[in-house]
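Before any questions on binding or motion, here is one chain by itself as structure tokens, the form predicted on its own.
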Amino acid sequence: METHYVQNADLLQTLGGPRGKRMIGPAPTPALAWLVSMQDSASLDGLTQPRAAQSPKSLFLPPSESVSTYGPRASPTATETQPLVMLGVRACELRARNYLDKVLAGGEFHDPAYRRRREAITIVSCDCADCAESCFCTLVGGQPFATEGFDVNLTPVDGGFVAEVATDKGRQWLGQIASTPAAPAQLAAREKLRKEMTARLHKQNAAYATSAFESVPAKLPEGDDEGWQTFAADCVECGACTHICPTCHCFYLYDQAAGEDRFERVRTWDSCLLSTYHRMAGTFGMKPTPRPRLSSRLANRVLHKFVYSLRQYELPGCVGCGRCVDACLGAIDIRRVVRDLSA
């Protein structure tokens, strides 16, 4: 791969470029970065903060979208896409994108809307120069820097970034920015940052044994085990953990009126923690939901991440971004769930 050096000023000038070219990236806040339009808030500070508070999943898979209309005739809803640059994507988010590719575009059946959005996006990833206390990518086989899956990868070094180009799309994007070949000292600074961040993540997750995560499929109890109730007692069934998760992809379909003799089918995100999830028609006593107990729904969520996904897709459904830990109103830490129930 080609490696270049880009100065901060030159990259910043690109962020505030023509408004016809959409660019989404992290903007700084007092706590965590927040994904915004770079044309409206051009700043490089978010690239050196921990990963953004929300996942970029919504750019591939919107929270709500029309999938078809029907009436006298039925037709799929056209998916409008335009070229988009995603700036500051982290390694955990690339792993999540790879997982969604397997689910939505890798099998016999695929989601055409997802695929069109996916193909229209240029991904400019960025090494982690900081991390949240909830980050645990190293526990699930990840690392705080990307080695594949990007068009361009940035690493913050003194005065700028080392830019590694992997694809023609990335080459085209970087070609708009003044750059020079990366010097040996800049490459050495990149390796130093990567080693420091990896060591930091290992240290902050030392309380959660890596061996427990490596053997999770063999150790986590079944969904009807009473051990799950220990953590379900703190769950308020808000669904925040699944909605913030970069790999959760469950959806709900409903129909609504879209005009005279016209109706629209809408897809929205759904959550396996909600009591209405998988609800079936029937009278009282006919089991309207296959998982009436919250503890079994919580178990299903965790088992899907660490057991079922491995069986079905040969990939873990958790990338260690820690967003579910930050979002949980009941302060449920999935690291502690796995560690304690695997013991």
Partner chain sequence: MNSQNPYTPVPAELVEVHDETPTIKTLVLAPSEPVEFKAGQFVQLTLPGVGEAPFTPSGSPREKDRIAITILRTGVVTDRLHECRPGQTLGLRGPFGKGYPLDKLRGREVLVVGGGVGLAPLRALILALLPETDTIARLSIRYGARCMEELLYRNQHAAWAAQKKVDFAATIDRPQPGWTGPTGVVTTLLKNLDMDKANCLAFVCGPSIMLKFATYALEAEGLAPQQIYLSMNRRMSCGMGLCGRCNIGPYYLCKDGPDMNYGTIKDYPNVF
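Residue numbers count along the first chain shown, from 1. Predicted model, so just to flag it, every value in this text is computed and none were measured. Only the largest set of C-alpha atoms that superpose within 1.5 Å between the two forms is called the rigid core.
Omitted here: the form predicted together with its partner chain. The next part is about that form.
Checked against its partner chain in the model of the complex, the residues D255, E133, E191, E226 give one hit for a heavy atom within 4.5 Å, which is D255. None of E93, D127, D111, D151 but one reaches within 4.5 angstroms of its partner chain in the model of the complex through a heavy atom, and that residue is D111. Interface membership of S64, defined by any non-hydrogen atom within 4.5 Å of its partner chain in the model of the complex, is ruled out. Within this chain, R265 lines the site of its partner chain in the model of the complex, having a heavy atom no more than 4.5 Å away. For K219, no non-hydrogen atom is located within 4.5 Å of its partner chain in the model of the complex, even though that partner is not displayed. Heavy atoms of T29 never reach within 4.5 Å of its partner chain in the model of the complex, leaving it off the interface. Shown here without its partner, the chain carries T122, K169 and P181, none of which come within 4.5 Å of its partner chain in the model of the complex through any heavy atom.
Of the candidate stretches 191-199, 138-146, 246-254, 172-180, only 246-254 contains residues with a heavy atom within 4.5 Å of its partner chain in the model of the complex. Using a 4.5 Å cut-off on any heavy atom, the residues of 305-343 that reach its partner chain in the model of the complex are, in sequence order, Y308, R311, Q312, Y313.
With a cut-off of 2 Å and the rigid core superposed, Y70 has a Cα displacement that reaches or exceeds the cut-off between this form and the one not shown.
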